[in-house]
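Just the one chain here, laid out as structure tokens, in the form predicted on its own.
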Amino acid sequence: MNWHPAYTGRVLAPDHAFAADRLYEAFLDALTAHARTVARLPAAQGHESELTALDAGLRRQRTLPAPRPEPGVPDLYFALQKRLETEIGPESLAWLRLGLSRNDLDMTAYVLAAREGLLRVARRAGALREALLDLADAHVETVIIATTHHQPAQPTTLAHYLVAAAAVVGRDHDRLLGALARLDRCPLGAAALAGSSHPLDRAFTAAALGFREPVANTYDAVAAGDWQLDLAALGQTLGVGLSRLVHDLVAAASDGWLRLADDLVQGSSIMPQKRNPVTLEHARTRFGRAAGAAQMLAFSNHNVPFGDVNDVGPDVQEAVHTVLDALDAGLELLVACLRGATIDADRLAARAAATDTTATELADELVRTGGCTFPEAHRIATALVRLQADRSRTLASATPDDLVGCGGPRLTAEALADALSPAAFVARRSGIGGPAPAAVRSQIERGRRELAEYHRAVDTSTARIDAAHRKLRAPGKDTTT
């Protein structure tokens, strides 16, 4: 068959190239598992030599590059089938075709490859939360000024901020584990959509490929694209959420209190002083790429028939891997930046002392010891902030006389200084989730416990899949057990 040049150039050639690069091993795994399932059928008894040749032929393909495109051969699967027939003969190849459709084979290969990519992202996401918690552990007493609406708001600590970011990543961990669980079902054995009249042991096939179980409904196995939308949702949530963290890190590098390692910055061709935080910029673009490719997945799944169609099959696999590859790259870059970062705590402390962001604690102190209602205390604190600003003085330099002059009660100099201290502001907020050092250390400990549980879940899935792969790919194994 000679196809139209447009179809060849725009569809067949790029699809073959993508499959050869990203799906070849997944195809071989799926075909091997199917061949070993067929070998268990009653109809296969007495044909051991043909089935052994088939299994050996599939193993040999792993030592060879993927078949190249040929005229009249539409895609990688048919090219692989042609090469196998030449090597092992049509009698052995015939058993591979029994009960197998391109529909369930393709979907299985897509899911297998996506699962590998998702596990890589899962491991990177674990490394990110660990890096955030480690950096937080080192800065539980490093005071920063948090902003609201782009304006200085209240003192907190760098650790408090980082643990908050780590909590977001922790929820991403839950989403990743959920996506992995929903991806842990094998489509193979569904054939075109109705299964096979041969008693294929789909549970055996699933286990051979490291899946927990087969997809329960054969139509669902070849028609559904919601697992791709799971990945789209991850691309959006992870990509957009982490871009906010990167935004803040770039701003911190610009402000000068965060310094990236020398091997993560670039200089300028004309400005000798420059240390451009380009690694963070590249991380940000990767997260944007993941979020953008997620839209491709959503639109490709929109308003198409619930069945085997190219929209949710070969035509969307590049977008699937763009999401996963971009997340993987962005996470790796971001972890490297956090691991190599140094923090100028003295600069942060000096900036904190120069602000008026402790005014809330002054109002609270006036309620606590000065007998004021909070609205009264708010008004007095506001007046003191304005007075000090008009004098071009810091709020922390205010005296008890200044407070009385603004209509407030007289506090001792020590009590007023403590109320206006950024460090004291932080220390007094020791409740659940607060920024006080002891409260943040508790949050870090909880985060580490959750992270350990996450690592165990990812490692357990990885170990099961790796064990299945070793058995499936090893030479000389019994093909019927």
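Treat the numbers as computed from the prediction; the structure is a model and nothing was measured. In this text, residue numbers run from 1 along the sequence as written.
We do not show the form predicted in complex with a further copy of the same chain, though everything after this point is about it.
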property: Listed range touching a further copy of the same chain, judged in the predicted complex by heavy atoms within 4.5 Å, from 274 to 282, 130 to 138, 399 to 407, 345 to 353; result: 274 to 282
property: Single option in A79, A207, A153, L119 placed near a further copy of the same chain in the predicted complex, where near means a heavy atom within 4.5 Å; result: A153
property: Heavy atom within 4.5 Å of a further copy of the same chain in the predicted complex - the one residue of R123, R83, R259, R289 that qualifies; result: R289
property: Any non-hydrogen atom of V385 within 4.5 angstroms of a further copy of the same chain in the predicted complex; result: yes
property: Exercise: G433 in contact with a further copy of the same chain in the predicted complex, heavy atom 4.5 Å; result: yes
property: 4.5 Å heavy atom contact, V11 to a further copy of the same chain in the predicted complex; result: yes
property: D308: touches a further copy of the same chain in the predicted complex, heavy atom cutoff 4.5 angstroms; result: yes
